[in-house]
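A single chain, nothing else alongside it, follows as C-alpha cells in the form predicted on its own.
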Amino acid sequence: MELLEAMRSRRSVHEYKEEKVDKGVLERIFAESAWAPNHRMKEPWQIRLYQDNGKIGYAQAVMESYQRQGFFDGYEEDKTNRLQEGIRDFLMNIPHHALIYMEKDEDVRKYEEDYAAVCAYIQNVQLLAWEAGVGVLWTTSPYLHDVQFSEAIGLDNQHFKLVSVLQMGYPKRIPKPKMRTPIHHKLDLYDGNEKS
C-alpha cells in the first residue's frame, strides 16, 4: 500500500470482528512504528496490551472510573445497570486494547518533545495496522486522566502519563471518509514581503 493511499484510506474503526489479530502481526506493527521521529533517540512510548482475559480487569477499572466521574448519575437503577452492561460488553468485544503511556519528565520542553514523539508513534501504528487490514481507534477517554484508574491498573500517575488507548481489531464496518479542509484555509505563506 502506498503511503498516500494509506493516509487517505485509513479510518477510525468503531466496530470489530471477534477474530483476534495474530501476535506476530501486532508485534510487527508495534515494532516498525518505532521509526517515528523522537528527540535524543529516547523512544518514550510504552505499550501495555490487554486482550483475552486481560480485558476483564481493564474493563472493570474503566467502569469504576466512569462511576467516579458521574457518568451514570441521574438514571434509575435499571437504566444504570443496562448502561453499565452495555459499556462493559462493548469493551470486552473489542479484541485488543493497547494502552500507550510514557514516562513523565520534569523538564517541560523534554516532556512536550516526548509527548509529540509518542503521538507520531501512534500515527505510525495506525498506518501500519491499516496496511495489515487491522482497524484502530485512537482514544483519549476521560479515565486516562483519572489517578485512581492509573492506580487500578498498576501505573504510578506521578511517574507516567497515560497518552491513549488504541482499540484494535479487524473491522466489521469501515466508516465513510470525511472530507478534509482545503489547505488554503490552513496555510499562510510569508515570502519576506507580505503574507500571500
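Only a predicted model underlies this, so the values are computations on that prediction, with no experimental measurement involved. We number the residues from 1 along the sequence you see.
FYI, the form predicted in complex with a small molecule isn't displayed, but the following is about it.
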None of W138, Y58, Y66, F30 but one has a heavy atom within 4.5 Å of the small molecule in the predicted bound form; the exception is W138
Taking heavy atoms and a 4.5 Å cut-off, does R180 contact the small molecule in the predicted bound form?
yes
Exercise for the section: Classify K172 as contacting or not contacting the small molecule in the predicted bound form by the rule of any non-hydrogen atom within 4.5 angstroms, answering yes or no. Expected result: no
Just checking whether K20 would be counted as a contact of the small molecule in the predicted bound form - the rule being heavy atoms within 4.5 angstroms.
no
